[in-house]
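To begin, one chain is listed below as structure tokens, in the form predicted alone.
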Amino acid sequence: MRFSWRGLAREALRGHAGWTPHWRSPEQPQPGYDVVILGGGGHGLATAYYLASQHRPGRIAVLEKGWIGGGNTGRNTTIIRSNYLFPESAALYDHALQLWEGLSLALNYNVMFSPRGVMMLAHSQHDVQSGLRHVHANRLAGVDNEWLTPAEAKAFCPPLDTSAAIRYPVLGAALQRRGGVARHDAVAWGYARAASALGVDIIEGCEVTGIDRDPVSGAVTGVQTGKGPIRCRKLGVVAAGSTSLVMAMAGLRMPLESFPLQALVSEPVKPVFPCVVMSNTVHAYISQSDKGELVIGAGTDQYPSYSQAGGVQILGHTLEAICEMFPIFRRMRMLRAWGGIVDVTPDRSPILSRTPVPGLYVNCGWGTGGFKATPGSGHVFAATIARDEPHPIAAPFSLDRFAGGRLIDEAAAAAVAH
């Protein structure tokens, strides 16, 4: 069923009794598929959708141990931007941003993409130099970015305190006007609905417990799951913080560490915050959701963990920073906090790659930047799986870069609190 104004009016007259489930979720998978995607988050569902819509490799299944969008896709702060420093990163994230701009139309589903602008604050002379370097590098790469004076930053975001009296005074800001936010649940649901309409089986509550390999060639032949064995020719692993555990089933050790990443939201208020503001110096970022909540993000915890409940001191430090930069929010009450598990590589850039195991592909290592890359990640990863060779945009992010030393070191360059 396509969504349209006519369809909405028709269902309103019928008491909304004619809506059907967004996607098919069979209780039991088929005995075999041509391609299995392990992970039912935004990246995994996007991969399945682009495989089915552009490459048609045969039967496709998405296996999710929980429910669709219940992992990091539903646990992030929804920020979208592409103003990364290195040209390889800028190309990947800007490819995603271009897809974001037409995603609702492509999926026939409102993902609520809102290009309200992402502003990154500078609090020291080093921040200013780093910010200007980003601006110039982005312009050379064809990515929009501009430098604002403190007065211009205040005009763009009136709640921001730009006085000289605060601990970290605002000396300027880099602004990407095309950046913004989207609705994380809608992204997962939209991709799931579109993939299902193309024949993809979406199997929820299906945990993978083992990866089968041919004893002679070593190639992937299938997976063992809680719902029985499933044969496949190709397996794409898109399991975020659990990637290391899954890849170990195939005998591979990944260059990853997993950390809790926390966020929280305030009580809802009327529209008061017009954009997204990020500060790497104080490790905090903030936007306002369509429901009126202030969405606040922190940096990763200091210690690796698979816990989704990080340290309380991280949230305390983040709220102190928010209250200093935006004093009008000091009396706001926080409603809830949560955490996700992010997988981080040594150079803080993702892995989109074939592996030494024939038929096994991996999409991981996004750290704090996963949500913003969702459409672009799925698009290039689908091409890599279908063609068994890296998509040109994904080629620099291969697994073998760690052996060859061709790192894309966004660790200190990405202007976010990794």
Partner chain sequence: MLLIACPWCGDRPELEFRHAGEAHVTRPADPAAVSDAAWTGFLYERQNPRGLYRERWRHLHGCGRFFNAVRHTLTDRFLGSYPPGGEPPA
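Numbering follows the first chain given and starts at 1. Just so you know, these numbers come straight off a predicted model, no measurement behind them.
Form predicted together with its partner chain: not shown, discussed below.
In the predicted bound form, its partner chain sits within 4.5 Å of a heavy atom of Glu207.
Its partner chain is not shown here, but in the predicted bound form it comes within 4.5 Å of a heavy atom of Asp301. Put simply, Ala395 is far from its partner chain in the predicted bound form: not one heavy atom of it is within 4.5 Å. Contact between Gly218 and its partner chain in the predicted bound form is not found at the 4.5 Å heavy atom cutoff. Exactly one listed residue, out of Thr225, Thr162, Ser305, Ser196, brings a non-hydrogen atom to within 4.5 Å of its partner chain in the predicted bound form: Ser305. Contact annotation for 238 to 265: residues with any non-hydrogen atom within 4.5 angstroms of its partner chain in the predicted bound form are Ser242, Ser244, Leu245, Arg253, Met254, Pro255, Leu256, Glu257, Ser258, listed in sequence order.
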